[in-house]
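Take a look at this single chain, the form predicted alone, given in structure tokens.
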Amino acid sequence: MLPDTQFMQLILEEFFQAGGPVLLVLAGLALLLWTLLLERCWFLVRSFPQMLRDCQTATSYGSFLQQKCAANVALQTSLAMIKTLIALCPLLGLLGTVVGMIQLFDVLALRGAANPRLMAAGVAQATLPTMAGMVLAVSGLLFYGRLKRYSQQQWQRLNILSNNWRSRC
């Protein structure tokens, strides 16, 4: 049974409305981050094995070095950008919380702080961007760590191939 799409859309609209405009920026950042992470996964699963085979079947040491350099560049592509995006997520979330707290204090200054429920609800809404930023950063960091470790393992495989080529010469 599929969830009701109108109900899900309503929940998402309320979530984004409660979190403020910074939450929309975080959503765009999440889209970019996960697109890059999935692209790296796709590369490591689909494209890199062919690059590795090309290195293994190189006919000369010069050709091997060329293919090894290309493979190294391809392995490192986007990793620095992914790391930067992961670092940005909690900072943007914190910015959203600060903006939300400022708005809450403005409302309290106008209406007074007599209602603790109103104040608690405002604080809860203000912390939504921090929570979203932390969730993005932690999930991205876990995925990034695995991708980086796999890339390093593939780089070591290329270095072993390089040592084999040197021993032949």
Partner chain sequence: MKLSCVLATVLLLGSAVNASAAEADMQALLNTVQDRVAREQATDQQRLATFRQSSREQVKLLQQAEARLAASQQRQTDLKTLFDEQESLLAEQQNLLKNRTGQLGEIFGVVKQQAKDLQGVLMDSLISAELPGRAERLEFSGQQEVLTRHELEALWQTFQQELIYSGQVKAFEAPVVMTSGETHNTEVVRVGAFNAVSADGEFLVYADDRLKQLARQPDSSVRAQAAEFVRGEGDTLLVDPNRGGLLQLLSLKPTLQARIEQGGGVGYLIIGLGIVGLLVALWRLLVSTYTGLRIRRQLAAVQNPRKDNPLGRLLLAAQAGGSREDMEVRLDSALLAETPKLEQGLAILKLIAAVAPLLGLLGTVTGMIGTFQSITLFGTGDPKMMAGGISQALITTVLGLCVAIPLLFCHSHLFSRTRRTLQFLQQKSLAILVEREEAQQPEVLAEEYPEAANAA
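Numbering follows the first chain given and starts at 1. Just so it is clear, the model here is predicted, and its values are computed rather than measured.
If you look for the form predicted in complex with the partner chain, you will not find it shown, but the lines that follow are about it.
**Q** Could you work out which of T35, S47, Q56, N115 is the residue within 4.5 angstroms of the partner chain in the model of the complex, going by heavy atoms?
**A** If I apply the 4.5 Å criterion carefully, the residue I get is Q56.
**Q** Just to confirm, with a 4.5 Å cut-off on non-hydrogen atoms, which of V135, M101, A27, M51 contacts the partner chain in the model of the complex?
**A** The residue from V135, M101, A27, M51 that makes the contact is M101.
**Q** So in the model of the complex, does D106 come within 4.5 Å of the partner chain, heavy atom to heavy atom?
**A** Yes, D106 lies within 4.5 Å of the partner chain in the model of the complex.
**Q** Is there a heavy atom of W155 lying 4.5 Å or less from a heavy atom of the partner chain in the model of the complex?
**A** Yes, W155 lies within 4.5 Å of the partner chain in the model of the complex.
**Q** Heavy atom to heavy atom, is A124 within 4.5 Å of the partner chain in the model of the complex?
**A** No, no contact at 4.5 Å.
**Q** When the contact criterion is heavy atoms within 4.5 Å, does L65 count as touching the partner chain in the model of the complex?
**A** Yes.
**Q** Taking only heavy atoms into account, state which residues of 68 to 86 are within 4.5 Å of the partner chain in the model of the complex, ordered by sequence.
**A** Heavy-atom contacts to the partner chain in the model of the complex: K68, C69, N72, V73, Q76, T77, S78, A80, M81, T84, L85.
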